[in-house]
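One chain comes next, on its own, written as structure tokens: the form predicted alone.
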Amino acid sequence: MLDAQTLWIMVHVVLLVYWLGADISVFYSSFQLIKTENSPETRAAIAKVLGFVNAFPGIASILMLPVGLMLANGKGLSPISGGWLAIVWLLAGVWLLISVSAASQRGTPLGKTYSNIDLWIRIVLIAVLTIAAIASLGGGGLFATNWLALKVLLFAFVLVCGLGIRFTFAGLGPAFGRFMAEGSTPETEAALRVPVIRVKPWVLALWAGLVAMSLLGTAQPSL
């Protein structure tokens, strides 16, 4: 019979798969979007798929933290337990609702408000996790082992990469709208290519961060 810790490990792995897999799909789709040999109709269909799949990395990044804290608590590596874990799940649920609302109402004033709230949550979380992880290195912080502190620090790094992708990709939507309205011209094609090309370093850094997190979580080295 499966115990709770094993089930949380399974959820953790599933989240990682959805995060990395969806991110790879978005990255590949974005390059298909800028291929001039694809018809406007094909590119419009690709844009719809891209917009849908792009929601999954955001959802996975939100759920990864409470699930990770459940695992850490189960192994006795974090003092966040009981009622504090319940609060973490409550806050994660509110954040998830905000993130989904931002995606579902994209392009509206309310959607922009939700998106800005999500942005500030991520900025604050990055700062808090970075401070907590650095304070835990060498003992004395929230996390009992250096490998876990480094994993949390990498998670903050991955969130930074996510923001880099968000800001770099911000011009893709308006550029695609202009392309659909004006058709394929050197100007509209260039406007589409710029964010797709510039986002590549952020995407590769995010993938590297997720792989490094997986390695630390699996090996759990004595550092």
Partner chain sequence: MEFWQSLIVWLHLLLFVYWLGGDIGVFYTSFFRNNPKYDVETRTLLSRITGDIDMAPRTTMVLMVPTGFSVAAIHGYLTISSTWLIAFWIFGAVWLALVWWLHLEKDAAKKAPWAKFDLRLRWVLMLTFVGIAISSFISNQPITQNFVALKLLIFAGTIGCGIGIRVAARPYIAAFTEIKAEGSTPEREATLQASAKAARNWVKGIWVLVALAAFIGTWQPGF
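As the structure is a computational prediction, the values presented were derived from the model and not from experiment. Numbering follows the first chain given and starts at 1.
From this point on, the text means the form predicted in complex with the partner chain, which you will not see here.
Not displayed here, the partner chain is approached by residue 53 to within 4.5 Å at the level of heavy atoms in the predicted bound form. Taking the partner from elsewhere, residue 4 is found to have every heavy atom lying beyond 4.5 Å of the partner chain in the predicted bound form. Contact check for residue 201: no non-hydrogen atom falls within 4.5 Å of the partner chain in the predicted bound form. Proximity of residue 205 to the partner chain in the predicted bound form falls outside the 4.5 Å heavy atom cutoff. This chain is displayed without the partner chain, yet in the predicted bound form the stretch 43 to 51 from 176 to 184, 159 to 167, 193 to 201, 43 to 51 comes within 4.5 Å of it by heavy atoms.
For the stretch 199 to 222, the set of residues having any non-hydrogen atom within 4.5 angstroms of the partner chain in the predicted bound form comprises 211, 214, 215, 218, 219, in sequence order.
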